[in-house]
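This document starts with one chain, in the form predicted alone, laid out as structure tokens.
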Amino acid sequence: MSETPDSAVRTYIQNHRAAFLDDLAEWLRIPSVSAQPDHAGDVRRSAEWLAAQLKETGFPTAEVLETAGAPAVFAEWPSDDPQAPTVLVYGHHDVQPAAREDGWHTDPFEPVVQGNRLHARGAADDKGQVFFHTLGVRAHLAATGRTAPAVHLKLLVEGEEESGSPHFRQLIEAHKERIAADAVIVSDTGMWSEDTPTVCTGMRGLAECEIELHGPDQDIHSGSFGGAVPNPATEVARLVAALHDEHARVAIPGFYEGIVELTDAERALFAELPFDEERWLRTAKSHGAHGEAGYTTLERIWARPTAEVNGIGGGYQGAGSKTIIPSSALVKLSFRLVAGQDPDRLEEAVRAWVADTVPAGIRHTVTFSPGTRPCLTPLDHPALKSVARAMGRAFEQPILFTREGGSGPAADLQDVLAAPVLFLGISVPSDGWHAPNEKVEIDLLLKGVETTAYLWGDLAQTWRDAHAH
């Protein structure tokens, strides 16, 4: 009896497992820390290593793309079928700083296998998750007898994600035609747990600002002038108090306009996840849950917009007393945004709210940092169903769905390319992203390989079916 495609994929992966892990370890030894200037050469060496490896994998095009900062890598492997969809895989090859004295049990840039775990900086975030695509596409070809992928496959692997992707938007705008795609796969994410494989369907956006209030031109005596002139520290407190209503909803006018509300189906899927709120609170080092009325904790952190006070200050804060009215005070705010919200519109709303709230006699300045847009893939999107099916085949169990509360460059890809963004990651919370002793579960890494081996054929078939009707 001939092998089924699934068994052929698994056999191929098992036969190439050792070489795959050896190659990954070689890449992990390059300390591509984008945040530290003395590692700039290592970041470049990492990009050049990956480009060469992608060439060896079979990509006809694999090259280093220059930016105003650290280099990225672009690769492309056209399908034999000119009508096949184009898929862009996104990841990053830079890593967080790491040193033995941070609490690592071993050298962070000397990979160590302990049981089923591969420990090294970047093992999960994000070199391991980028690299599983190399063996995945080879397994796809071997199991199907193809000489080229079932989709037009492209990779874009940036070198500055751990430094906030400062040049990423410019990069993708400059190369928009080359990286154009019908769908984007982001492999810089994770799953709920080892026992509960999940697909992320969206990430929140982010906007940050600093609001400064100015009263008298200098600190003045509270006995001589108190009660007769406006106090900027008091007004900052009033501003913060006005940020939310009694139901913990953001009270800035227009804040919720246009947002994509959670559907009953998605709320039901969130409820299926084995969420332990007490355990979550211990992880959060918090003594109680709190948030917008009418929503669960998972819904609040994944699918609802927020306004948070990140810092507040003004006036005298030393030992003892100093009876003054301070000349200035400030508050730092951040806003997590959901689908339907736009950082530019939010900025307009915040500026108008501050202007309307601050009393006469108080001058104010509002300074915003560049924002990040939210992204969301609808649950019924055909490409998302392909990802869930491929992952379900690899894990041999149903796939649940999550979102992520944080932000990343995925929204820029969605915005510039006008393509759906799908998340395919196999990392689990215990992998310790950004922490000492980062690791990846080798079995899960190989499940990522297997998922991509199934995914390209599924996406191509889904595309053909959609365009046949």
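Just so we're on the same page, rigid core means the largest C-alpha set that superposes within 1.5 Å between forms. Don't overthink the numbering: it's just position in the shown sequence, from 1. This structure is a prediction, so every number in the text was calculated from the model and none was measured.
One more form of this protein exists, namely the form predicted together with a further copy of the same chain; it is left out here, but the text below deals with it.
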Touches a further copy of the same chain in the model of the complex: Ser334 (any heavy atom, 4.5 Å): yes
In the model of the complex, Val309 touching a further copy of the same chain (heavy atom, 4.5 Å): yes
Leu206: touches a further copy of the same chain in the model of the complex, heavy atom cutoff 4.5 angstroms: yes
Touches a further copy of the same chain in the model of the complex: Leu88 (any heavy atom, 4.5 Å): no
Heavy atom contact within 4.5 Å of a further copy of the same chain in the model of the complex, the stretch among 371-379, 294-302, 338-346, 116-124: 294-302
Residue among Gln83, Gln397, Thr263, Thr323 with a heavy atom within 4.5 Å of a further copy of the same chain in the model of the complex: Thr323
Interface residue in the model of the complex among Pro197, Gly202, Gly215, Pro108, criterion: non-hydrogen atom within 4.5 angstroms of a further copy of the same chain: Gly215
Contact set, 204-230 vs a further copy of the same chain in the model of the complex - heavy atom within 4.5 angstroms: Arg204, Leu206, Glu208, Glu210, Gly215, Pro216, Asp217, Gln218, Ile220, His221, Ser222, Gly223, Ser224, Phe225, Gly226, Gly227, Ala228, Val229, Pro230
Did Pro326 shift 2 Å or more between the shown form and the other one, C-alpha, core superposed: yes
Cα displacement of Gly190 between the shown form and the other one reaching 2 Å, rigid core superposed: no
Cα displacement of Ala268 between the shown form and the other one reaching 2 Å, rigid core superposed: no
